[in-house]
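Form predicted alone, single chain, as structure tokens, below.
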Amino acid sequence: MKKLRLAITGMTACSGCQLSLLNCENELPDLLEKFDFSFFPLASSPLDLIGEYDASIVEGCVSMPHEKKLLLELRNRSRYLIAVGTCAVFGGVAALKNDEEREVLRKQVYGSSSIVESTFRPLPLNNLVQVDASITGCPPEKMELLRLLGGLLAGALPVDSDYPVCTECRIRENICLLTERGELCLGMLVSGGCHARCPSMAVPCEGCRGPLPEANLREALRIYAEKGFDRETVFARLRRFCPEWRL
């Protein structure tokens, strides 16, 4: 069987999503037999983009001209372009300051240095190119990445989660941090797939996997209000990872 050619790279991000794949130590030997990681700067010496790719897996949002150029080239060379991680899908933490002046922010971070001469408002990938599939999470779970690669081998793409983190809490028989402890936990509004990792350790869900499209927002806000959390407080927390999440 011919190996699939992959391009894996990051834009404005922390590289955590790519590291999650590299952390699949036990599975990496098998992956190397099935995939040609043709462009993967985090894992090998950077090379130029060469030829066509069966899929490009991209982490991070886009905030600089050279990132936009790379993203467009990857889109043109790839059968599939897949956004991986909350920053790539929703903008993430990098987009928290999108309402502020970019040049002021650049000077605050870089001072008079010319390392970064130009930035623009951080954007999720689908604001610039067609995205064929996405996996959210900060970072995604390792098994999600392995399922993504397994699906590519079978000619299939991942589908979005259609259940909330709360469902996974119930499966794991966790106590409800909102109703039983009065803590602001966002699980009922956030896409599942993390196996309720944080609530299982008694840490409220911060919403890092982004919004569940079919969530019953009206009922959720009613429950939050009963626990003393007003609408603005809830949405301020939701926007940490999805800045475009509006009232």
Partner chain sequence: MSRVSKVDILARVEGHGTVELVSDGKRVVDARFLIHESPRFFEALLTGRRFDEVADIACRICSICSTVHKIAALQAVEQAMGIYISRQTALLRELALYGGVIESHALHIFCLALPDYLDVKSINELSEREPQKMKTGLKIKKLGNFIQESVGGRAIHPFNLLLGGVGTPPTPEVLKEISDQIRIMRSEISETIVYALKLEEILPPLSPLEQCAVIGSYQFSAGKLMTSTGRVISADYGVEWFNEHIEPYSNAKISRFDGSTPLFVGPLARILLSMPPLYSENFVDRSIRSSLKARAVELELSLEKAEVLIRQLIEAGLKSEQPAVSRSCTTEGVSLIEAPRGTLLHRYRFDTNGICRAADIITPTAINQSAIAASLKELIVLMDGADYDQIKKTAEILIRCYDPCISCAVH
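Numbering follows the first chain given and starts at 1. Just so we're clear, the structure is a prediction, and the values are computed from it rather than from any experiment.
The same protein also exists as the form predicted together with its partner chain; that form is not shown, yet it is the one meant from here on.
- The contact residue chosen from 175, 159, 115, 154 relative to its partner chain in the predicted bound form is 115, the criterion being a non-hydrogen atom within 4.5 angstroms.
- Here the marked residues 19, 43 and 64 all reach its partner chain in the predicted bound form, each with a heavy atom within 4.5 angstroms.
- Taking non-hydrogen atoms only, residue 182 never approaches its partner chain to within 4.5 angstroms in the predicted bound form.
- By the criterion of a heavy atom within 4.5 Å, residue 220 is excluded from the residues contacting its partner chain in the predicted bound form.
- The closest non-hydrogen atom of residue 52 lies within 4.5 Å of its partner chain in the predicted bound form.
- Heavy atoms of residue 195 never reach within 4.5 Å of its partner chain in the predicted bound form, leaving it off the interface.
- You can rule out all but one of 146-154, 159-167, 92-100, 124-132: in the predicted bound form, only 92-100 has residues with a heavy atom within 4.5 Å of its partner chain.
- Along 1-22, a non-hydrogen atom within 4.5 Å of its partner chain in the predicted bound form is carried by 5, 10, 11, 12, 13, 14, 15, 16, 19, 20, 22, in order along the sequence.
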